[in-house]
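Heads up, the chain below is alone and in the form predicted on its own; it's given as structure tokens.
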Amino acid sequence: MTIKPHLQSILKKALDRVALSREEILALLNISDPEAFAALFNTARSLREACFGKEIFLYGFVYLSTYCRNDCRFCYYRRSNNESLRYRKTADEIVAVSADLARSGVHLIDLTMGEDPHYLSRGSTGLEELAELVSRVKLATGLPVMISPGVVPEEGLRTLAQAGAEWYACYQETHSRTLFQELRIEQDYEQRYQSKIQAHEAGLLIEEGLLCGIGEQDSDLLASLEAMQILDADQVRVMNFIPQKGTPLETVPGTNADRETHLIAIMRLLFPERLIPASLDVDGLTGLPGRLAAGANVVTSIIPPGKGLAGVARSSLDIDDSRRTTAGVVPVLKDNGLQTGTIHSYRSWLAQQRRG
């Protein structure tokens, strides 16, 4: 394999855990030839193995409510979309599904919802109800919990942490303020960004994410990667844009899967010791090998069939035919020379990260 000396130098720096400059990150974003991609992905996998061995962690996904007070232009569940499936699961249903996921072997329960007014527009009453749900899920499963409720007031973040949540996920999607206002109309960029800083201060680990294929430039991607470093995000995620029926961006072409895997590999170079998901929500089980090859070490959006639960980017892909399950994922890991991590390994990583 022959690659340019400048790229070889950048990859060597990454392997040696030396911080990359803005120019070097831009050079990685501009990779285009197959040999350079292969070298990038090889480096990403080497770093993953150096930090995590062959272990991959699995996240159970419970989209508990598809009601949302926001009107994001890209989202299927935007409040004005009459095409969208709407439901709000009861606490008993959520606890039962979470227990099923725990028995299947996942390492974490991801409780996700739209910014549901039932929880977020009722002041402390709604947040206390959400906190009680977190407590019940932890008691029923014995697993770490990630809560993804959208923007939550600082006091509410402390309430969720006290209830036992380990993680707070709230994706900016882009760190270009101009693009943010185009996508997340009527929302406050700074408020959303500050919620993650406040979550860290409350003792929660944070996940930050970006959406690609929505008209961003390389400079926008660079801004997002730098923002994730400044936030000291514990888990970083990227997902390809998927056009959604009933939204203003319905007719905008989706982006190639290579865009997402390219960014996953760059993230692994920049965040070698952090968690980077391979989501089943974009391309389902068939897209998992490519994301693992790019250096991801978490499989997210594992959803049990027959429970009436939806995904996000693709609300029904691979769910009812039981492909988005631990039983469906584990053989793919084995075929790619990887294995399911132990819950001890996952808890140890969490403890070390929280101490840090």
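Note that residue numbering begins at 1 and tracks the sequence as displayed. Owing to the predicted nature of the structure, the values given are computational and were not obtained by experimental measurement.
Another form exists, predicted in complex with a small molecule; not displayed. Remarks below refer to it.
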I have Phe74, Gly150 and Arg192 flagged as a candidate spot, so tell me whether each of them has a non-hydrogen atom within 4.5 Å of the small molecule in the predicted bound form. yes
Is there a heavy atom of Ala313 no more than 4.5 Å from a heavy atom of the small molecule in the predicted bound form? yes
Can Glu115 be called a contact residue for the small molecule in the predicted bound form at 4.5 Å between heavy atoms? yes
Taking any heavy atom pair closer than or equal to 4.5 Å as contact, tell me whether Gln198 reaches the small molecule in the predicted bound form. no
Close approach of Asn240 to the small molecule in the predicted bound form, 4.5 Å, heavy atom: yes
Just give me the single entry in Thr261, Ser224, Gln244, Ser98 that has a non-hydrogen atom within 4.5 angstroms of the small molecule in the predicted bound form. Gln244
Residue within 4.5 Å of the small molecule in the predicted bound form by heavy atom, from His175, Arg184, Lys89, Arg158, is Arg184
Residues in which of 123-131, 225-233, 264-272, 167-175 have heavy atoms within 4.5 Å of the small molecule in the predicted bound form? 167-175
